[in-house]
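The chain below stands alone and is given as structure tokens, in the form predicted on its own.
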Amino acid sequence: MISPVLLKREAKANWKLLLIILAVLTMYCAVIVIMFDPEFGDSIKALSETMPEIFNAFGMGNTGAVTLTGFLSNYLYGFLLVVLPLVFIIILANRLIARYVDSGSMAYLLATPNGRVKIALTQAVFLLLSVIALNLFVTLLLIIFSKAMFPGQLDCPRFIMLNTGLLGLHVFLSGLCFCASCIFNDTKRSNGVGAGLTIAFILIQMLSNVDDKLESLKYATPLTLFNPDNILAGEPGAGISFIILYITGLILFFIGIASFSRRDLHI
């Protein structure tokens, strides 16, 4: 159902982008693990008390986290590990469909024995595999760093569950951006809708974290379905929430593929 040749071509064309994102994530993850030093942690907590709105806006309001797992959740999973992979997702999703159509290169792909559904499905699989690889890398990286620097202090089962939830969020964001890439013929509109909506979700979540009066805004963004604190606390609803993200993300992928297979491409 997919084209191995096209999959291999996309891997060759986009490996540098993935490598750059992984390098940036490696740097941030290493810094955050090092910051678990209790003395440094007290300094960060004191700093957060002077500007709580900023820390809350970036999803780092739980500065009192006393375990390594809670510390990583607070300083990485509230913002950094959402936004940095999102940059990768927005760029890659746009490259996989919309840019081909916009540049006219899609005509060459359609001239091969591969049909529209096969091409779109291959691109969707490549995006999903890339996102899975990114999440797997971050998970293993943090586990290795944590075990090397603070042996026995990371709750691996809870931490793996946390990353499973994060992957669900990334699948949803990938599905949204890929769907936009499939629906629109040019990169401007594809980015305008895909990137615009995802950035709007992040801004809405940041506003809801800053002011109690705006807390109800969190229900206007699907990012609320990924709640690191609830996942670590073992809340029953936390698992259901990120399962919804997986399902919704995959539905968006299928909507994008169906749309691409039927619309006029003007090429």
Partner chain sequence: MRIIEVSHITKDYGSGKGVFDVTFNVEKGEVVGFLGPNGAGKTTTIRQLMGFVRPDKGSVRIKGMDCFKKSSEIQKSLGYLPGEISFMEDMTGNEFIKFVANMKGMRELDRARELMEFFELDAEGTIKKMSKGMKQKVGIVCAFMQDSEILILDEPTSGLDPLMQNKFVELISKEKAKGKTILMSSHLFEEVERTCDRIVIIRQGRIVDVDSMERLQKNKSRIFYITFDTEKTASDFAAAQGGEHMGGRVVTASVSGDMDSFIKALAAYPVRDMDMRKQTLEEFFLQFYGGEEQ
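Positions refer to the first chain, counted from 1. Since the structure is predicted, the reported quantities are computational estimates derived from the model, not experimental observations.
Not pictured, yet referred to below: the form predicted in complex with its partner chain.
Colleague: Identify which of 136, 111, 156, 148 has a heavy atom within 4.5 Å of its partner chain in the model of the complex; exactly one of them does.
Modeller: Contact check passes for 111.
Colleague: Taking 4.5 angstroms as the heavy atom distance cut-off, pick the stretch from 103-111, 84-92, 159-167, 173-181 that is near its partner chain in the model of the complex.
Modeller: Partner-contacting stretch among the options: 103-111.
Colleague: Taking a heavy atom within 4.5 Å as contact, would all three of 70, 227 and 233 count as contacting its partner chain in the model of the complex?
Modeller: Not a single residue of the candidate spot has a heavy atom within 4.5 Å of its partner chain in the model of the complex.
Colleague: Although the partner isn't part of this model, could you tell me whether residue 5 comes within 4.5 Å of its partner chain in the model of the complex, counting any heavy atom of the residue?
Modeller: Contact check for residue 5: yes, within 4.5 Å of its partner chain in the model of the complex.
Colleague: Indicate whether its partner chain has at least one heavy atom within 4.5 Å of a heavy atom of residue 142 in the model of the complex.
Modeller: Heavy-atom contact with its partner chain at 4.5 Å: absent for residue 142.
Colleague: Classify residue 13 as contacting or not contacting its partner chain in the model of the complex by the rule of any non-hydrogen atom within 4.5 angstroms, answering yes or no.
Modeller: Residue 13: contacts its partner chain in the model of the complex.
Colleague: Does residue 119 make contact with its partner chain in the model of the complex, using a 4.5 Å heavy atom cut-off?
Modeller: Flag for residue 119 set to yes.
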